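The chain below stands alone and is given as structure tokens, in the form predicted alone.
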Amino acid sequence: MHRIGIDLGSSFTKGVLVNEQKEIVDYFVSRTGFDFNKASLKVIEHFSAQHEIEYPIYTCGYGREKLTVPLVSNSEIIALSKAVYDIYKKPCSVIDIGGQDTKFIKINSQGQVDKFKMNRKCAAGTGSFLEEIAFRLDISALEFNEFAEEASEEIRINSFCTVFAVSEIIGMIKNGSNMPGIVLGVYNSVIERSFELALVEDFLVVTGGIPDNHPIIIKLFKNKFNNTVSPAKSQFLAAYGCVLLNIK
């Protein structure tokens, strides 16, 4: 029997399949769209095609209670913290960069959440910020990474608002600014917004879809705070934590 954990995010729905040894044996991600139940059923159908599934389904995220199948809903913050602490087993700070928000979590030596803070009600510093700029410039995540790697110096992005940032970047391109420097400035803008949430003093774990799809951002985080890591497939950690919270 296998258990399913699902993180129903505002942009993407992430699912993990966990065996009886608490190991992740499969992953699945798709765009959430407008129907949380439909998004969750895609995950369940994907996993149940080859495995016998044990209910309830363990969920977190924006749409965590919208399923039509038996479920146990969990706090995304607590689920993510559980998974991170299960990996590193020591106090740490977590910066989770999602599609619509960025979260700061402080985890203590017992694996409990000591502090939590979320970004302002604005896309700046989130995955949507990068996604919108990439879309307007017709650049893929891979190309974004490659441009930043080529940069010899950063061209600073002054606008926090996504709409204004796009206009600022288009103006820079028109005036002859180089794309690698601009992209590096975009990444560092996301990092600056992340560090505005709280003071990081110990061990930093960066999670979410952005470090998974834009790996250079971890290198840039380390330029600001050297003691930084990001586990593989970190966007699935909250889904995994949902399962860990509910099985012995």
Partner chain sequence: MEKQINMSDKPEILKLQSTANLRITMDDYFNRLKTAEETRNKKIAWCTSVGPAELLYSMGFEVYFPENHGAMLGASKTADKYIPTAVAHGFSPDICSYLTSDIGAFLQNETPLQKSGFKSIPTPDILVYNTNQCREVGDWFSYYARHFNVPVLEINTPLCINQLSSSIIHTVAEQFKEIIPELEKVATQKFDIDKFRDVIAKSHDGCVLWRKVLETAQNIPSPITFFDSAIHMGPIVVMRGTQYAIDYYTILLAELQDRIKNNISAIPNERFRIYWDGMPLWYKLSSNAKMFAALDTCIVASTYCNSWIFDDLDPSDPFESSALAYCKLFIVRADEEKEKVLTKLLSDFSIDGIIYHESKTCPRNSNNRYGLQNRLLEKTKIPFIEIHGDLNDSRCYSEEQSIISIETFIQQLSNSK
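Computed from a prediction, not measured in an experiment: that's the story for all the values here. Numbering follows the first chain given and starts at 1.
What follows is about the form predicted together with its partner chain, which we do not show.
Contact check for Tyr88: no non-hydrogen atom falls within 4.5 Å of its partner chain in the predicted bound form. Using a 4.5 angstroms threshold between heavy atoms, Glu45 stays clear of its partner chain in the predicted bound form.
A residue is said to contact a partner when one of its heavy atoms sits within 4.5 Å of a partner heavy atom; Ala151 fails this definition for its partner chain in the predicted bound form, lying far away.
Contact check for Asp114: a heavy atom falls within 4.5 Å of its partner chain in the predicted bound form. Out of the listed residues Ala134, Ile78, Met172, Ile155, Ile78 is the one that sits within 4.5 Å of its partner chain in the predicted bound form by at least one heavy atom. Screening Ser128, Ser73, Asn145, Asn178 for any heavy atom within 4.5 Å of its partner chain in the predicted bound form leaves a single hit, Ser73. None of 46 to 54, 206 to 214, 180 to 188, 59 to 67 except one has non-hydrogen atoms within 4.5 angstroms of its partner chain in the predicted bound form; the exception is 59 to 67. Taken together, the three residues His2, Glu20 and Ser109 all stay farther than 4.5 Å from its partner chain in the predicted bound form, as judged by their closest heavy atom.
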